[in-house]
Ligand code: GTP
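Given next, in structure tokens, is a single chain: the form predicted alone.
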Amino acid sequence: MSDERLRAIVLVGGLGTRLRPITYTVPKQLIPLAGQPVLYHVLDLLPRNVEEATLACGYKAEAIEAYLTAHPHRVKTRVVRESQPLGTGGAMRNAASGASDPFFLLNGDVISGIDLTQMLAFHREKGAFGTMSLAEVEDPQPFGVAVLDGEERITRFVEKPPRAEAPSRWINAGVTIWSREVLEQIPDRVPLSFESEVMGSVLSKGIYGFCLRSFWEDAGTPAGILHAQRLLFDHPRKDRLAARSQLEGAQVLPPVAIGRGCHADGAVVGRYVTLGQEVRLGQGARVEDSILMDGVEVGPGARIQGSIVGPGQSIPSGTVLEGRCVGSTPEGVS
């Protein structure tokens, strides 16, 4: 089946509320990690025989579409917009036109080293109706939690249980493979959560758990974004060119990713830093474990640690930023 052509659906409709104020102006899928947007790290996971990825977009769909047009990914993409928030199940159904059998379904903010070719082989070996990637975490409460039997079949799935009541520590890692038949379980144009409202009704059809042994992170919070960036720097893909790491006038401590047109004057950059395009760093500025997006200006002597700075922001001289998200807040929003 090496010549089989498959398709994928990527869910990118969320508001990114946990990353505000950055996401007031930039959808979280376009925040750059290790030199490229979150979304492109997700698309990179898709095997070469995936001929198209349909992006189920809601919030700031136009920005995502414009970026894809200006910077095409190797995977052909198609944007399907939601006229109203549809939840994971509704978005999946809304974007399902032309779905292959089986098809991949990915959350748009999952950063992982998962091998989807291996996962697809597992899916076929099991004769599965669906296969869900599972990651083992210390605190499963924010996630959907799965219970497996001895054959790796999911026998129970609980969405966001209290930590003390979680039946396992294996959680939905945001990458699944589904038989196209699953779409028959989802009404068209109806907002609903697949995990809470559909998953229970299809467990009997044969859903299996593909347990991850690679790195994984949910890049939906500031801490998650920065941890994901560290993981990506520490596990660079062999099929992608290394990010630019030269910055004249600065002391650079790899790993870093430096955008075009950046300028520094006696600054220190690194480790684990992404600078967007046209970033300017003043004399003696220090940036570590952070993301500075396009057009950011950092004054002399400022220190930025564990922070995300949105496009066009200006950080005054001598400022100390630690664990902050800095961005523009729309008028009327407190």
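None of these values were measured; they are calculated from a predicted model. One rule holds for the numbers: they count along the sequence shown, beginning at 1.
There is also a form predicted in complex with guanosine-5'-triphosphate; it is not shown, and the following applies to it.
In summary, the region of this chain contacting guanosine-5'-triphosphate in the model of the complex, judged by heavy atoms within 4.5 Å and restricted to 70-78, 175-183, 86-94, 259-267, corresponds to 86-94. Although the partner is absent here, S133 lies well away from guanosine-5'-triphosphate in the model of the complex, with no heavy atom inside 4.5 Å. When guanosine-5'-triphosphate is considered in the model of the complex, G108 lines it closely, a heavy atom lying within 4.5 Å.
E82 belongs to the set of residues with a heavy atom inside 4.5 Å of guanosine-5'-triphosphate in the model of the complex.
Looking at R18, you'd find a heavy atom of it within 4.5 angstroms of guanosine-5'-triphosphate in the model of the complex.
With the partner omitted here, the residue from C57, I31, V296, A285 that has a non-hydrogen atom within 4.5 angstroms of guanosine-5'-triphosphate in the model of the complex is C57.
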